[in-house]
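Quick heads-up: it's one chain on its own, the form predicted alone, in structure tokens.
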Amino acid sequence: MAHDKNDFARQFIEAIPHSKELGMKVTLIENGEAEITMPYDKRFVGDPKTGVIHGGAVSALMDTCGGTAVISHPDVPGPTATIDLRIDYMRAATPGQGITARATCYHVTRSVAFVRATAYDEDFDRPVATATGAFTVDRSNKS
């Protein structure tokens, strides 16, 4: 059942209009862990002088990855929505490089799931951004 849930989540995430437009691909989804990649695209550059991807695209990636981690957690029965997401930008992403977000759902209560996420370009030793978030847990459809 969990495998089917994760397959459904992967297909759903990749079909969301903003995820699709940003080229997001789910590369890992299981047991409260998720990884999503987003290729470099000149359309998403925030400052043409530098070629750096806009923080909004990185934010969307981290939010989507956090929600994906929640959906894949074994204690979360259904869909989720972002309650709060705090992002700390550590440095500009390297122009020309894609971004990878990794998220972990590390705690689930009756109604809230808590997530930590990190975004990287090709340098996995120096994060582009880190995030902490809270997401809804909908138990209304639990049998």
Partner chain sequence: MPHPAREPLQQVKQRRDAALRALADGIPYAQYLGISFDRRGDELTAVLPFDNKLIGNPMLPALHGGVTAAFLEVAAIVGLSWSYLWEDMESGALSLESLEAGDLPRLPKTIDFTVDYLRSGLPRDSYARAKVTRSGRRYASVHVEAWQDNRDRPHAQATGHFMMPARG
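The shown structure was predicted, so the numbers you read here are calculated from the model rather than taken from an experiment. Numbering follows the first chain given and starts at 1.
The same protein also has a form predicted in complex with its partner chain, omitted here; what follows describes it.
Phe124 falls outside the set of residues with a heavy atom inside 4.5 Å of its partner chain in the model of the complex. Contact check for Phe114: every heavy atom lies farther than 4.5 Å from its partner chain in the model of the complex.
Although the partner is absent from this view, His107 stays clear of its partner chain in the model of the complex, with no non-hydrogen atom inside 4.5 angstroms. Contact annotation: Glu35 falls outside 4.5 Å of its partner chain in the model of the complex, judged by heavy atom distances. Only one segment in the set 36 to 44, 114 to 122, 70 to 78, 97 to 105 has residues whose heavy atoms sit within 4.5 Å of its partner chain in the model of the complex; it is 36 to 44.
Residues from 26 to 60 that approach its partner chain in the model of the complex with a non-hydrogen atom closer than or equal to 4.5 Å are Lys42, Arg43, Phe44, Val45, Gly46, Asp47, Pro48, Lys49, Thr50, His54, Gly55, Gly56, Ala57, Ser59, Ala60, in the order they occur in the chain.
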